[in-house]
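Let's start with one chain on its own, the form predicted alone, as structure tokens.
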Amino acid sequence: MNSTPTVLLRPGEGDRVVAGHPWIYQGSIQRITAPPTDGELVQVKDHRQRLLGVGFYNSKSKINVRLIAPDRVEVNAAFFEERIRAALIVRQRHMPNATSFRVVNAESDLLSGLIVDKYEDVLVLQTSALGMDKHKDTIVQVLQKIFSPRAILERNELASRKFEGLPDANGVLAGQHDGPMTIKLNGLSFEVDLREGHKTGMYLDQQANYQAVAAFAKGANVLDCFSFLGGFGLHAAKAGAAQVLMLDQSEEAIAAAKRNAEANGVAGVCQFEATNVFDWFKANTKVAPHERVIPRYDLIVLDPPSFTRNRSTVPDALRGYKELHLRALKLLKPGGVMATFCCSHHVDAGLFQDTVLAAAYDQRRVLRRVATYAQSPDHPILPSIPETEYLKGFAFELVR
């Protein structure tokens, strides 16, 4: 390790690293002792020459170094096996009955730039950092040893790869996999297409919330907005909802949700509509002058995609969230529940709640908060790395 290039940080820049954050930006670097090769392992020291850890270097990225260990380590199969097995133990502890879940969640599991999702006996791999991508073959070998999967796929069309100088890469890395497959979430069956679906195939980060929100569904008339494959809607139907309407702009997603409803024996209480949710709300809350909208839903679920990818667009995103809640509140019955989610890291829980309450104020509504949600335990949150916390949600009961 003596020949390893050393990245020396400016005074004061080491504090964040000591606290547990693994990213080193270019502006934090004072000097580098020898020119490293992109993707190479480097050691990082503070301005007093105290070792802070080792990580992968990339001159092309805004994140020049991604730390992976606080001490000098050899990055080999044994290293990855130890880290991945440790991550698996966390999932087995907090989600003992899950058969589909996120195995490795990048920074949350001290493997910056690596995501591994498990869909029954198939694994999906994403490498969003150059250094991690260079070890892809080793990671695949380790995953085969630990899980003995039927197949390992890669879904590497992430926008972040372009900032790392990496091209898109999709396909089967090991084993055989053809077409959609069926997975289980909380005992329900879902058809997923691991080659074409959102993220790596499905929103595994909502797995715990699907079941939690369904607790409000018995006997309810439910509206599931941005339903995708029917996660919230099907759980509500299985929990005894009287009727569930699922809305999604994607005709393919709606078709898959219909098949999922049939597979789970709840098609009789489910309806589906391929539509723009904002347009649907406008059409269904439009009334003549001096008339009022008649509320008709006992449970409304709002789980939109992220409205913002950076801080500069947060004001526009907040306007979108407010408009969505303004419309939804018009259709919520008194005593009904609105379960609402935001998956943007740039909109924190406090700001998101303030936006919902601003919509309620404009509608002269009073809300009672009855539940708070976060991402499922297979997407761990490390408070020292704020970027690991992105999904937040609330359930509000309409008081009047």
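Here the structure is a predicted model, which means the values were calculated and not measured. Counting begins at 1, following the sequence as shown.
The discussion below concerns the form predicted together with S-adenosyl-L-homocysteine, not included here.
- None of the heavy atoms of residue 171 is located within 4.5 Å of S-adenosyl-L-homocysteine in the model of the complex.
- S-adenosyl-L-homocysteine in the model of the complex is approached by residue 304, whose closest heavy atom lies within 4.5 angstroms of it.
- Contact between residue 176 and S-adenosyl-L-homocysteine in the model of the complex is not found at the 4.5 Å heavy atom cutoff.
- Of the heavy atoms in residue 88, none are within 4.5 Å of S-adenosyl-L-homocysteine in the model of the complex.
- Just one listed stretch, out of 287-295, 272-280, 101-109, 126-134, contacts S-adenosyl-L-homocysteine in the model of the complex at the 4.5 Å heavy atom level, and that stretch is 272-280.
- Interface residue among 313, 211, 249, 243, judged by heavy atoms within 4.5 Å of S-adenosyl-L-homocysteine in the model of the complex: 249.
- Scanning 226, 80, 216, 321 against S-adenosyl-L-homocysteine in the model of the complex with a 4.5 Å heavy atom cut-off leaves one residue, 226.
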